[in-house]
Every structure is written in C-alpha cells, then in structure tokens.
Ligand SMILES: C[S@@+](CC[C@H](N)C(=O)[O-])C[C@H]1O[C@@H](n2cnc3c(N)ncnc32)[C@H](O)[C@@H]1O
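The chain below stands alone and is given in structure tokens; this is the form predicted alone.
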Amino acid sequence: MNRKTATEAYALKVSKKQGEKAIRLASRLGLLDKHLGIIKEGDFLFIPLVQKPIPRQAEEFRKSLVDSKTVVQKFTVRTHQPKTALDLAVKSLPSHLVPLFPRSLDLIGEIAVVEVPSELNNYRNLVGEIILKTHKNVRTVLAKSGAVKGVRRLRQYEVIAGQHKTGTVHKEHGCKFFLDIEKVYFSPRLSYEHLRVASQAKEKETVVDMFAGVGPFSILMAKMHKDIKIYAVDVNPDAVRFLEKNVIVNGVLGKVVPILGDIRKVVKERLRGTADRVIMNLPETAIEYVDIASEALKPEGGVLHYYEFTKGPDTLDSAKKHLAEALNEAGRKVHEFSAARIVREVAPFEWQVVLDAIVK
C-alpha cells in the first residue's frame, strides 16, 4: 500500500476555471511537482511547485492567470510501490542477477506461470513474491519444474508464492474455462489462434477438434455460430471432465460433444467422413495423425488447421512440405494453403507454426 506523509511546499493558487491552463503553464516552466497531489479547496486549486518561482516565472503566471498567487501550502506526499516486477527486482536482487529476472509469464486465471533460470534457484520464492506484489489479480505463482511430456502434454510445477493451488478459472473472449494446469494442458498464448480459427467456421459445419483439452477452440467456435456441431475429443479424462463442465457453463450444450478416447479409435468408430473442418493442435506429433484427420474429413474434402513445431530458416515452407507429403500418403491432396503463419517462438530458432489447408 502507499504510505502518506505531509510536507509544506510552494503552491500556485488559482481558480478552478483556470486549473488546466495553470497546470500546463507550471509544467512548461519546469515548476510542477508531480510527486505531490493537487489540492481543491472551495473554488480554488493549489498546484504544487518544486520551488518558489523566480521573477521571470512569476511574471509569466501574472500575465497568463487572473488573480493567481504563490503561497506556501501543506501537501500529502505519497511514496508509491514500484510499478513493475522489474522495478521491484532491481531493489530486491543482487545487481548481477537482475538481468536474469523473468521478463515474461503466462497468466491463467488467478495463476501466474513463470520459468525461473537456474541461476535464480536460491531466489525462487523472492521471484514469486515480486510477481505476486506487482500483479493484483494473481493469487498463486508457479514455477515450471519440468518439460511438457506425453500425449496429455502435462508438466510439473512448484508453488513459489501465494496460495498452494493449481486449479483456476480462465476467461478468454467471453468464455470461462475451468481447469487445473497440473492435470490438463492450456496455453493462454494461443488466445489469438482460438479466435482466428473459431472465426473461420461456417454455419451448418461439422467440426472435429482432435486434441480438444478443456475446449478453448471448440467452445469459442460454438459460441460464435448458431448452427454448428463440434466433436471435441481428448484422451485425458481430466481434460474431458473439465470440458464437460465448460460446455455447460458457457451454454453450448448440444453444439459441443465431448468425447473421451484415443482419436484414432474415435474417428474409426464414430466420426469417419463427417468433418468439414478438423483442428489438429498437437504440434509435437500432429504429423503422425494426418492420416486419421484425412479419414475424419468428408469424402469431398474440407479444411485442416494443422500445428507443428519447426526449426531452421524455412519454417513455413518446411511445414507445408511435411503436411503435403503426409496427405498424399493418406490419399488426399492440398488444394491450397489459405493461411500459413508463425504462432510463437518456443525456443531459440524453433517455432510453432499453423497451416490452414484446404484439402481435396
């Protein structure tokens, strides 16, 4: 919280009607004291000054402002807390470690997720407390303590500040997502992708979301379109449990159909040849599922939203080549790539990319 103390300082007393003009003039003359607040008393304002005006400055006030006076006034001084996490890090960490302080974090509901460099291991809790103090909506700070692993795309975390919890409610594009980040995969950095893909769907389409998680693609798409059917599939029981809750909470029951199971088995048993559009957000291994995505598409074809991690200078061309070859092997062809973009950098010289492919 801010600490308040009183001090006396020179002030410019003017009528309220002249307040804006007086503030601009005091600022132009280099006299405005920005550390003190302006005082209102009746029909007058007291504008704090850093010093008593010299004759030339006093003359400027007299010429420009009717009945202005320079007086001594008691003001309240506010000592503000540092505004950013980096400001507080500068005050709290040894100077040689400040450049290592994390500059980015993921905000998922009331949880902040941060990657703490090994050099700051002895200061992990301090890093967490700094983030907690400078992000008013954060209740828990988690440090990544392992890589994303397995088909469920889970990782381990360590609580370094705040409440000991990993469950939260994340809000995005007017949707609410209940989730537990230790049990399900969720990335707020894909917010734009969720909106971009959802916006492309058309009325009366059937969509298969192959790796749906808690539903960020499916639920937003259903909320944006009146007449649409989305089969949201995931192999993680925890993800599907949250997905089922999120479907109800967001009012898309009947438009989004949650399905627990391996996508290969689900498509072969229930969804073969049904989809106008398929979402393939499993960048680690999506290439291995192109054949089953092709099987899910209607015989006449449809749209694939395909995600991949790629390295090297020709990232988009490389991804296009991978997808085209995999589709050819599955008996399909790319009619055209309607979009190809880098989503984000995930490591030095490694990117997540997305291709929107119109498939015949």
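Numbering starts at 1 and runs along the sequence shown. All values reported here derive from a predicted model rather than from experimental measurement.
Not pictured, yet referred to below: the form predicted in complex with the named molecule.
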Checking Pro258, Gly213, Gly128, Gly109 against the named molecule in the model of the complex, the residue with a non-hydrogen atom inside 4.5 angstroms turns out to be Gly213
Name the single residue among Phe242, Tyr231, Phe101, Phe217 that comes within 4.5 Å of the named molecule in the model of the complex, judging by heavy atoms. Phe217
Would Val235 count as a contact of the named molecule in the model of the complex, using a 4.5 angstroms cut-off between non-hydrogen atoms? yes
Using a 4.5 Å heavy atom cut-off, state whether Arg153 contacts the named molecule in the model of the complex. yes
Residue-level question: is Arg277 within 4.5 Å of the named molecule in the model of the complex, judged on heavy atoms? no
Under a 4.5 Å heavy atom criterion, is Leu190 part of the interface with the named molecule in the model of the complex? yes
Look at the candidate spot formed by Phe186, Ile263 and Asn281 and say whether the named molecule comes within 4.5 Å of a heavy atom in all three of them in the model of the complex. yes
Among 130-138, 158-166, 205-213, 88-96, which stretch sits within 4.5 Å of the named molecule in the model of the complex, heavy atoms only? 205-213
Heavy atom contacts to the named molecule in the model of the complex at 4.5 Å, residues of 287-326 in sequence order: Tyr289
